[in-house]
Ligand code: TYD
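Just the one chain here, the form predicted alone, laid out as structure tokens.
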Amino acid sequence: MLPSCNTRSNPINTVTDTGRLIVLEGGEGAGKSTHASGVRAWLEQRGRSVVSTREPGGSPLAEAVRDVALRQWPEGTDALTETLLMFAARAAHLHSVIRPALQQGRDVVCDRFIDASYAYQGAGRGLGTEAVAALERLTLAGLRPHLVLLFDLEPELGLQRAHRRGDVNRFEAETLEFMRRVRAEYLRRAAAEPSRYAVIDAARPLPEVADEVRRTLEARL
């Protein structure tokens, strides 16, 4: 369904074989990681070869950068530094995991991708869309997800869920206002391109959410 990482003329994607990039996005506590295994299973049941991965992270180098990006530092982490770290991890991840898999015709299921930078750094941190877009052009070279599953829920509930899990990272420790900005940007991006995004109501019981994910995959893939 997707088109090659070297073709820049296609407005939807730049992958010329059958590999598909399927991304799960959402705020803290939205359940993305929980449903990623279900998406992989659905694809494998249909004979697809699948790579499951995450951002920031997904390769040894990218995971090392993730550790730096998520850690609490005595001097703090300003918005630009945080954004550059996220894109450094993404560049390593694309080079060693995502692009090779897509070029081999494999599907990639990724827990977070480029939308997270627009939501968290662009809107949440206030860096703005232009800076993120410039880094996207440099790093992704036109690559875009085939489908983005956006797990949406009220930030209050999401933060409650994240805190119940324990071991809170510095994003999960963010303010409610920060997470509201993140959610608003996710929804804005989904509304601007409904053919590529599917908004999933993540506030419902887990089986109901899983059913909607399955129905979405059947309809879109």
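Counting begins at 1, following the sequence as shown. None of these values were measured; they are calculated from a predicted model.
The discussion below concerns the form predicted together with thymidine-5'-diphosphate, not included here.
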- Should D111 be classed as touching thymidine-5'-diphosphate in the predicted complex when contacts are defined as heavy atoms within 4.5 Å? yes
- Partner contact for A190 in the predicted complex: thymidine-5'-diphosphate, 4.5 angstroms, heavy atom: no
- Query: Is there any non-hydrogen atom of R183 lying within 4.5 Å of thymidine-5'-diphosphate in the predicted complex?
  - Reply: no
- Check whether W42 has any heavy atom within 4.5 Å of a heavy atom of thymidine-5'-diphosphate in the predicted complex, and answer yes or no. no
- Taking thymidine-5'-diphosphate in the predicted complex as the reference, which of S49, S33, T175, Q160 has a non-hydrogen atom within 4.5 Å? S33
- Message: With the partner left out here, which residues of 77-98 have a non-hydrogen atom within 4.5 Å of thymidine-5'-diphosphate in the predicted complex?
- Response: M86, R90
